[in-house]
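Coming up is one lone chain in structure tokens, specifically the form predicted alone.
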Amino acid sequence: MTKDLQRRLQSREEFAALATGADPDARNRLVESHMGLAWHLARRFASGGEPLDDLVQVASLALVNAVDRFDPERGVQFSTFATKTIIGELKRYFRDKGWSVRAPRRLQELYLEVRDAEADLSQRLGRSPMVDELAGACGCRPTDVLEALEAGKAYRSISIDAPSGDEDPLADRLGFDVDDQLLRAEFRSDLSP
């Protein structure tokens, strides 16, 4: 008997014990035996700028949910079901927590698609692709591509205290000019009664 077949049979026995309630520790053993999968999938998403520890935590919770929801009678291997569940949770985490300014889900997903298409087309064409070319690759309108690219600027923001090249931080440059309209607004509010 191969190790893979032995592991599958053991998982089936564990899920049967979990379903009947005969073994209260079956759930813990199932989660622990598949933690390597959660770590592997979390590492795949680690290049997205989020801390690996946070991604492992999200993947681990998704693994627990997968164990709780898995139905062995459906004829699907647990690792397949768990992989889809974990990847879905990791994508949801990036969609909900990764953006500095919340953009609609449609734009977030389109931005990721446009970004991938842009990298692919740049490689194939040897130049930056035009908006029409990106729209064709993504199967959407050019205005949608422009909207997605604009939304992509909201993915990461910088602090106004961060230095910007040779200039002073933006915070040091704000509010130094006197606004003539502000003084006039005060006069208008005083004179309006």
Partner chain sequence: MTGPIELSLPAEADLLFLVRLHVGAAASRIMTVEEIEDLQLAVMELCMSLLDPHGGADGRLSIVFTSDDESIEVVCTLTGPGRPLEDGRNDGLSEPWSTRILDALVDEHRTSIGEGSSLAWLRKKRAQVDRR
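Keep in mind that this is a model prediction, so the values were computed, not measured. For clarity, a rigid core is taken as the largest C-alpha set superposing within 1.5 Å between two forms. Numbering follows the first chain given and starts at 1.
The protein also exists as the form predicted in complex with the partner chain; that form is not presented, and the subsequent description refers to it.
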The partner chain in the predicted bound form has a heavy atom of only one listed residue within 4.5 Å, and of L52, L61, C140, V131 that residue is V131
>> Is it the case that L112, even though its partner is missing from this view, gets within 4.5 Å of the partner chain in the predicted bound form, heavy atoms only?
In response: no
Hey, in the predicted bound form, is R106 touching the partner chain, heavy atoms inside 4.5 Å?
no
How about R29 - does it come within 4.5 Å of the partner chain in the predicted bound form, if we only consider non-hydrogen atoms? no
Worksheet item: Is E118 one of the residues lying within 4.5 Å of the partner chain in the predicted bound form, judged by heavy atom distances?
Response: yes
Q) Q123: with the rigid core matched between this form and the one not shown, does its Cα shift 2 Å or more? A) yes
Problem set entry | L41 C-alpha relocation of at least 2 Å between this form and the one not shown, rigid core basis | no
- After a core superposition, would you say Y111 shifts its C-alpha by at least 2 Å between this form and the one not shown? yes
With a difference of at least 3 Å, the CA distance of A117 and H40 in the predicted bound form shows the atoms farther
A change of 3 Å or more separates this form from the other: in the predicted bound form, the C-alpha atoms of K91 and L146 are closer
